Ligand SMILES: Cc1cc2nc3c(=O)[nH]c(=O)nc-3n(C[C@H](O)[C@H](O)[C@H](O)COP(=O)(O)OP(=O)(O)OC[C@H]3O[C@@H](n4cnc5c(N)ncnc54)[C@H](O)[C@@H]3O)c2cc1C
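Shown next as structure tokens: one chain only, the form predicted on its own.
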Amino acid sequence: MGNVIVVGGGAAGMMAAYSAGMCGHKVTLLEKNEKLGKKIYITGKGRCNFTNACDIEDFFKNVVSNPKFLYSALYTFSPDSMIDFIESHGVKTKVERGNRAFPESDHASDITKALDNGLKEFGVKVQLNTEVKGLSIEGSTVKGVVLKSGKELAADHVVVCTGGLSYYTTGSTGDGIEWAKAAGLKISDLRPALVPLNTKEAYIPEMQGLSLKNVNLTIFDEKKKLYDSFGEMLFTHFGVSGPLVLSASSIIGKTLQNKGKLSAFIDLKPALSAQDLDARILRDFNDNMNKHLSTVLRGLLPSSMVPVFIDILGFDDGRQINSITKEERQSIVSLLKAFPFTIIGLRDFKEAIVTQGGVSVKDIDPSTMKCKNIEGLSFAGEVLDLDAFTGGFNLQIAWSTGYLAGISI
């Protein structure tokens, strides 16, 4: 059995160390932080949505980058496997809306404890506060790692699980991506994903703090529709955020970086056709002929949106219902069905939940997570060009790729 070093004590690293230990290898897990699983503690707002208990075929539909690459990993170690792992290590779990799995206690620390128990079970040696500077490679074979202190640690196999660039404060500083680059591996362009978006119009910050529920967001690159989905979103001091927007950012990121701006529209009344909405507004108008438009619009819109809405229409504040023409009513309907704004950029990695891009999966064997060109080297987790929507999918990618990397040594 071999001498294995796993670099990075996050989700992928802990699982890789566990599964390598399970196979009888002598495993050392190196982590530069003072504790393992630092990012796990903050996922799901501290509750840790550790996987998604959906059907595996549905899982692939939620993977944004390179879903086909994950077939071996997910079928080897599925969401059900992860739930079984957590429960078999003393932590009860529960499944909530959207198949999101959590520890029953709602404490992320319980997930880390379960993994810690797994590491102890197979005698994995954990070295905290130990920063790796790079890989030791001779020819096309890994010989170990070089620590920041200058000391070299020999290994028969190294698994790199250093994460991406999101959540910099947890130690995700892109180190493994740089090591892969130095070793000649291809790196897919890096960008923040599951991240809020910057917008152009001055009226968006005027609605800061307003949350919209049950709306439809559509995003276009000129006439090409890039994104169309229903859910919740939020206006902020810089632009837009919330579940709809975070998911959109993963789909539109590359095009946005290339084009610089994209057009977006919110359907504020997606349950009604334009015709039905017009009929409803006409009824409201007929019942309130002598009232101000702003008063009647409060029955259709959140109050903080009303002044912005009227301003975009170009109407005076004091406009009365009895003075509004049929054409003007149609423009109100049109704006309710397509409230416009312009997206001009992604927010920074500091605000991103995951990193899009990383070590190209073309250089990695999907059935083992081993590097195709360098012997004794594997990669797992967010360091790879793999990302998915929110809901436990990204953590499961880390568990699955880590597990497969460990058992394939």
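Numbers follow the displayed sequence, beginning with 1. This is a predicted model, so every value here is computed, not measured.
Beyond the structure shown, there is the form predicted in complex with the named molecule, which is absent from this document and is the topic of what follows.
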**Prompt:** Though only this chain appears here, would residue 11 touch the named molecule in the predicted complex if you measure heavy atom gaps against 4.5 Å?
**Reply:** yes
Problem set entry | Heavy atom of residue 309 within 4.5 Å of the named molecule in the predicted complex | no
- Item | the named molecule contact in the predicted complex: residue 64, any heavy atom under 4.5 Å | no
Next on the checklist: Is residue 393 near the named molecule? Define near as a heavy atom within 4.5 Å, in the predicted complex.
Outcome noted: yes
Here the chain appears without its partner; judged in the predicted complex, the stretch of 358-366, 371-379, 23-31, 65-73 with heavy atoms within 4.5 Å of the named molecule is 23-31
| Do all of 54, 78 and 403 end up near the named molecule in the predicted complex, with near meaning a heavy atom within 4.5 Å? | no
Only hit among 294, 214, 170, 255 for heavy atom within 4.5 Å of the named molecule in the predicted complex is 170
Picking from 163, 192, 103, 239, the single residue whose non-hydrogen atoms come within 4.5 angstroms of the named molecule in the predicted complex is 163
Those residues of 129-152 with a non-hydrogen atom no more than 4.5 Å from the named molecule in the predicted complex are 130, 131, 132
